[in-house]
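First, one chain by itself: the form predicted alone, in structure tokens.
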């Protein structure tokens, strides 16, 4: 998906199918994609990017459609929008050559990055205190006896700043590209508040009210609940890290912290939530009806879910065994997965949360502008 006026092969096929849907309009009440589709008569590259990222892949339109294969029209909107959505991740990525990093080798790239960082940290630990690397340590500062605080903070800070910069540039590219040639938008506060509600509640994973087609043509809210576990679990883990930073920098309290402390309770709850969410979503990937899915993207989907699961699992295991001789190895492995996750965030499916949020904001602004235009007319 080059960011210009020329459609890629995937975008051209998406435009063909969307034109059929726009003529049919049988699915107009299923999700936010179809009202947004009806506000467009021509489909430029930015329109495809907006609609693809607005799609939550609930698959309801596939099971409702009378034109799915083997019909000559061969409409399979969830599949083609998944392809276009994934293509957009590479198009908006920065630096752009890294944009296809996850496409074919997501699991391998994730594991190599995580284990490579872990090996580096173990090597530092061996150089720092080789005689007692695997000795049991307890009390404040135990972690820094294995991996120096400066190295740990420097790596975490550098990787986080890089990820934030890369995703910010990607978000700017998405917003600029999807706004070119699209419907007029309104900039009022109310659309932003409504979009925030859509994002935090995953409203569009409700499939028009009855749920999504998680496994087959039957309606379910399971995928929505699993996404909530994953999303809010991740946010609790992020809150845990933030509170720990405040403890260390402003209160002079040094990790590791007691179990009944805010960082540990937040991290434990979040880690359990992430494991439930990612584990359940991994299971759904393999038991769902494969017809409306893009099979070639399975590796990238599995890679992110597996990486998030391993971040949570190694963190909880480190908590359980932090006062044993296994602490040093587990600390290095856990930090390896955490740093690999943040390093790969701008190039993994994680960015779909960012682009989908922006797509929902643009959609709410388009709706507000459309209502305003009708009221004046």
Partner chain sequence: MCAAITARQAGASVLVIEHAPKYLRGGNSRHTRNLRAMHSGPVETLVGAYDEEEYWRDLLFVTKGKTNEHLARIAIRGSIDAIPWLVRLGCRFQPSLTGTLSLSRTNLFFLGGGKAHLNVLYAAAQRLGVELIYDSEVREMPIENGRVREIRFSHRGFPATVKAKSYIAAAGGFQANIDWLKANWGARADNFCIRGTEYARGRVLRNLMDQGVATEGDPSGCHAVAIDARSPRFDGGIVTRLDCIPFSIVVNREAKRFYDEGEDFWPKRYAIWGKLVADQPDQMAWSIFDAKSLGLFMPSVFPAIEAPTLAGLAGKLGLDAEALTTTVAEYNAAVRPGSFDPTIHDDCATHGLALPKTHWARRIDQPPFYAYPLRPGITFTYMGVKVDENAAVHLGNGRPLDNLFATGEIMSGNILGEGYLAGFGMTIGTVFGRIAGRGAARHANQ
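All figures in this text were calculated on a predicted structure; none of them were measured in a lab. Numbering follows the first chain given and starts at 1.
As for the form predicted together with its partner chain, it is not shown, yet the points below apply to it.
The partner is not drawn, yet in the model of the complex one stretch among 347 to 355, 314 to 322, 327 to 335, 62 to 70 has residues with heavy atoms inside 4.5 Å of its partner chain: 62 to 70. This chain lacks the partner; the member of 134, 172, 162, 219 within 4.5 angstroms of its partner chain in the model of the complex by a non-hydrogen atom is 219.
Looking at its partner chain in the model of the complex, residues 93, 176 and 182 place no heavy atom within 4.5 Å of it.
Contact annotation: residue 24 falls within 4.5 Å of its partner chain in the model of the complex, judged by heavy atom distances. Proximity of residue 225 to its partner chain in the model of the complex falls outside the 4.5 Å heavy atom cutoff. A residue is said to contact a partner when one of its heavy atoms sits within 4.5 Å of a partner heavy atom; residue 215 fails this definition for its partner chain in the model of the complex, lying far away.
Interface membership of residue 30, defined by any non-hydrogen atom within 4.5 Å of its partner chain in the model of the complex, is confirmed. In the model of the complex, not one residue of 323 to 358 has a heavy atom within 4.5 Å of its partner chain.
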